[in-house]
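Only one chain is shown below, in structure tokens, and it's the form predicted on its own.
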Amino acid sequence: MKNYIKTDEWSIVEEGFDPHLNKISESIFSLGNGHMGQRANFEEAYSGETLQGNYVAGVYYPDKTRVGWWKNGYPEYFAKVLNAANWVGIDVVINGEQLDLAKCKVIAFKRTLNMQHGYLERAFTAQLANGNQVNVNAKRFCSIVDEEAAAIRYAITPLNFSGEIKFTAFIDGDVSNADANYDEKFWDHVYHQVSGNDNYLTLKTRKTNFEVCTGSRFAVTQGGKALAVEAKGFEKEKYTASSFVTSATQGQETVVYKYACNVSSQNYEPQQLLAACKSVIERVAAKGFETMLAEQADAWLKKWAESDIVITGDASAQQGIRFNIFQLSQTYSGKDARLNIGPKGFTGEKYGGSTYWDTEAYCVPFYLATAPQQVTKNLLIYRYKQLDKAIENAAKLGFDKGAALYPMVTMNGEECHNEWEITFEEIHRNGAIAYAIFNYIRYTGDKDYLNDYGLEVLIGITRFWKQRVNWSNAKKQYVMLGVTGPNEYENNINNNWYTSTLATWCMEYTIEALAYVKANDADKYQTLLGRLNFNEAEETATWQHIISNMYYGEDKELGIYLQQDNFLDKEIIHVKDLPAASRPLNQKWSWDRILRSCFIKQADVLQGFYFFKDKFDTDTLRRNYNFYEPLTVHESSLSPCIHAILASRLGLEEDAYNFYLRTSRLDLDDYNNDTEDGLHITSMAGTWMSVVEGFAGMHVADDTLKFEPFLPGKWQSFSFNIGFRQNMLNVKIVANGVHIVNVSGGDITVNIFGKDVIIMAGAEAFAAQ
């Protein structure tokens, strides 16, 4: 665990430059706006260890899967988000020597991510080998007002000399991915143009044929006044640049403003890209950096008004939750139903930037409560539009009659995961997608979603479950064989309780959804059944038989559900009794040893208790928590948040708080020693869940928003805003109870500590704990 980030409630601050931490910082200080993003790579040259990353949403490459064997149904490629053209580059040469912090003496260094206003600032003093000392202040942001644009203010001041500085503002498209097979590059050159202070470069991806035009324009001031410079253009394949030389006087600041833009063929015809890029550059350059920055600050303040969590009395916890909310907000805007949320967002290449079940299980609750309803709806429509591909994916594995298996990993609906035990067996992702439909409707009340989109998806998923189970003559029940549950430290197991529970719940919910649509839109119902060749009586009778006769592993003596049939055959050792040298297991143990052990990567049985709160009493939860949590190594970023919520339900306040700290500061403190390859964006939504669903005990039941809160011992109070069914509530938990202010125009009934409370429009209610 690292502890070099300074504690600040609204900023992420790094003081001093340690090159060994640079890749971690490049992740932590990443920027994005839902359309594009980039790691915190330096503007000037850096020859030290770095992971370059600039990304354009939705642009990917189907990299050939590399395996030494092949099985029928195996994905042919692993989709990956592409490192796109580097637009931040400003090369600096001072009196003939290149500015490079890997070769300079760094006298002072400070990097600040201003989360309140949405920008990154870096200030340093460096001494070059020739003895020249300079101060540099670089500020940049990806605009959430002009989502195709970004801007940089790069200021340099000579401290002990006067001389000549050469600046080269460039766009470099000759880039590669760190995880590319055989160092293959994925972009082909299409077009470039250099004209004075403007640079434009259009690239096309191989195979997928996405085209992206990246443009930039620079302007210069010296001593606070505009400076006309004569730029010299330079161009080659996949690279354009404009250079100029200026005299620099000791103590005088020279500022280079760089305006940049990325437009893609997802939103424009290829022949329109250059004109579109130029139009954006013209517009933002006319505004100027300071105006753009002010607009950025205003837009972020509006975002924070919707989504902020305010914690008093614990600055570290406050910083952690705001960092997580900030990264979520700049990763996904919800404006485009073709886009989804990669586990690393715009901060790294790992996991390919693809869609996982993380979105439905972890991100949906955050966006439901903190964003307009359409944002979450677009996440669901993303899956609806890929239903045909899910049916194709199931067919490749031998399923038929409209059975749908959504992919574990995808960009376009096709499965593209490259590990067989997950591709074929981790099928609980189907259930997470169905649960997200249920969760969306439960929270918003938008039951029409079933008529328009949801029911068709549910039928496809339930048809899959029907074929995936089989009747066991030995047990005289239905069983589900050869699966991998959320605990990926077990593969090819039988009767994973969580997967089986999800499967029958999906069947039950689909039967309910059929009845609802039939009663409320009979014409659409009949049309859908005809198109799907759905025999209502026959199919629902089969589902009901499976529901009534499903096998679930259970140990009645321990009072627990079995994670899988043979779990208790393992040697049961608690994590606390493992030698420290064995952790993390995934880096220290062989895979064979892990698979045979009792150790659990993340919530598995307990994931089911999180989803289905109202199905199990507290004693049952307690027995299962007390058995499984001590065996859990939490080596998935998705694990601590679920345990924080369940610990909160059980009144285990210390456990809940410790799990919250781990999830909220997972990347800031590099808990798992893997932040350098990108942040854990989807688990950041779990941080929000830990506070709102955990400490505040918020959930929805019987169409009512309910709260069962407690205040962590180290906090004086915490508060947040919640959007619920066109209402906005401000919730504040204090030592003796909870205050809820209804800032909406209508009355609302909420349930606090088990009692219904009517809160009039504009009024406040208080409930004592």
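Throughout, we count residues from 1 along the sequence that is shown. All values derive from a computational prediction rather than experimental measurement.
Not pictured, yet referred to below: the form predicted together with ligand BGC.
Proximity to ligand BGC in the predicted complex, defined as a heavy atom within 4.5 Å, singles out one entry of Gly460, Gly694, Pro407, Pro343, which is Pro343. In terms of contact with ligand BGC in the predicted complex, the residue from Cys363, Val483, Leu638, Val284 that brings a heavy atom within 4.5 Å is Leu638. Although the partner is absent here, Glu488 is a contact residue: one of its heavy atoms lies within 4.5 angstroms of ligand BGC in the predicted complex. At a distance threshold of 4.5 angstroms between non-hydrogen atoms, Glu148 is out of contact with ligand BGC in the predicted complex. None of the heavy atoms of Ser648 is located within 4.5 Å of ligand BGC in the predicted complex. Of the heavy atoms in Gln602, some are within 4.5 Å of ligand BGC in the predicted complex.
From the list 219 to 227, 446 to 454, 235 to 243, 630 to 638, the contact stretch for ligand BGC in the predicted complex under a 4.5 Å heavy atom rule is 630 to 638. Scanning 321 to 357 for heavy atoms within 4.5 Å of ligand BGC in the predicted complex gives Pro343, Tyr351, Tyr356, Trp357 in sequence order.
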